[in-house]
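Two versions of one and the same chain are coming, encoded as structure tokens; call them structure 1 and structure 2.
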Structure 1
Amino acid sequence: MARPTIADIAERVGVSKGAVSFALNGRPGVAEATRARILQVAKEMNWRPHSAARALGGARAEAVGLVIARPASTLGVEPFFAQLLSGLQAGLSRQAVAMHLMIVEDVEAETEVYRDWASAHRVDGFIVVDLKVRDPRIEVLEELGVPTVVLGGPGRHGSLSSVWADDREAMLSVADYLAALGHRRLAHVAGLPEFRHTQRRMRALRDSSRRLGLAETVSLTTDFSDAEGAAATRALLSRARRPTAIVYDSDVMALAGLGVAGEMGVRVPDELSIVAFDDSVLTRIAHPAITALSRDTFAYGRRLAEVMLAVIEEPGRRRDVKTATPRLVVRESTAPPGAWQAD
């Protein structure tokens, strides 16, 4: 069915298109009885203003755009993103603002969506996730001039606002805890290497190795999937001098690693300690329950929404909002290494 137009409403009511335009836009120049009839017919016909026409009139789209360049199959099993999106939408809904979500294959496709949505005035602002090292999206979004908030930091992202938590500080707390237990050979099953937060976590672990005098640290990068998390764990546990503790960049990979340890006869935590960088119900119902860096991800998403709405209201004011650093919650998957492992 074709989208109803102002001309369709005018024909149904028996008035001019100008009268319909005045009535729909709340302008004087039409009798109140006629205005009421026009609005009633528009409602019956399910008429909605065209986005291009709204843009020309300076009206808001009442929507925010989020484009994610990751495999949909990977996102579908990540509790972090589910909680983040729930909190984000809850925060936007309080102001009756919708969220347009699209999952694409790569950054090039993501950039094209930004250009298309901006030109069509589909959204009032963009939220950018998975901040990259020397991220090419920053320049594009500044060029488009659409209010934008980057999830990630620290540091300035041109003129764009940001909301972030300190991944480095969080990783340092994990290394300190494991070293205090007596671990000297640590491994890190990390995410995608082009992500800025992945690089910050890897550097934090390397710095901790020097600061704490650890015997060995190693980082393996993955696509965040359970399959690659499991493969990385097998590679680490097949080493002649395998690590006594592994830190995973997601709860899904930590759970996969726990399964591989069982498959290879490596007891957790007696022979291997496991820590997850994200906390969720998965880490709590695993056996043994997994030690994790925990935060209120729903509240994190809601805070992101608040900043996005504030940036839309005052687009000329850049905001840099640091949220609470994830805190370490100790569970049954970590323990001091056995005497034969500690050397």
Structure 2
Amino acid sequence: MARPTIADIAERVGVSKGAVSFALNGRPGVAEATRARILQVAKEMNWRPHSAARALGGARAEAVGLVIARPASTLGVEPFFAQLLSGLQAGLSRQAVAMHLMIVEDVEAETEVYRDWASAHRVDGFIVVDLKVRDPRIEVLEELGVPTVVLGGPGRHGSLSSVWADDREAMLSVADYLAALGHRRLAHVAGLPEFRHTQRRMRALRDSSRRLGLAETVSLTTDFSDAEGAAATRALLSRARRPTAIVYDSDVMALAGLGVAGEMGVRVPDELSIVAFDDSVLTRIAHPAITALSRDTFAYGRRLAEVMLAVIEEPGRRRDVKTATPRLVVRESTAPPGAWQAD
């Protein structure tokens, strides 16, 4: 028989690989009786730890760092981010790795924290979110040499590993659908202009406009808050020639936009179609329920954790992982435009 793996032991005992890993490494997270049984089976199977991993073991911080340069008050509001962090924590916790978290004011402070944690060996790796168009963090992290995974792409993350979903493809699918319904005047209430994914979405919409021969498309950038989402919607609906469909870069902003339509007497979907780029309980319980690009955000976070742990195990190998493109879930907020709205 080949050298037994943790998976072999897990199968024999009937527990998860994580539980076996905890038990063999003498770490918390598994009940004593289970630990004893796992050690017994490992002994029977003549299991030996991987020597390199073992040698490194002592030096590990058993934690992954996440530094966020966003207002803390927005973190609990956006379901996407809350779900992503939950999935990330779940993925790390399965391997008994903690998340070391700090919120800072700006990117400058963020890079200082990276330097601080790297020199104090507080973490084994970094996860970087909110990839920017020209991102000063990439060079700093390359220089620090700590295993790092960037959430975002494709490209623009230097030699660092990354996990990403195709925002361009997702936006093209929305534009195609709205054009097929007969919409000619599309608008886009976008997020922060310095974010790379915001730019990718804006460019995809412009390209769609040309390709589909649409009358007009416009993207207004915001700070992702419901207040700016509402303000952008008011500006769009105050134009002489209103858009007949608006795509929002988040569920929170789509909900704010729906509120503004109500306040201005613009009926959804009869006079205005609304699409949200993120899906959550907010879009499902809205009235009317909002058509949205949907994905399993919890699974996305867990995938991010898996890639981070793999990069820590094998820092020399760069990973570039594309995850599933969000797919459109059509609800009550989209319909063909009224005949009187045609160009």
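All residue numbers here refer to structure 1's sequence, counted from 1. Small disclaimer: the values here were computed from a predicted structure and weren't measured. Under this definition, the rigid core comprises the largest set of C-alpha atoms superposing within 1.5 Å between the forms.
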Chain form predicted alone, by structure number:
1
Using a rigid core superposition, assess whether L39 undergoes a CA shift of 2 Å or more between the two structures.
yes
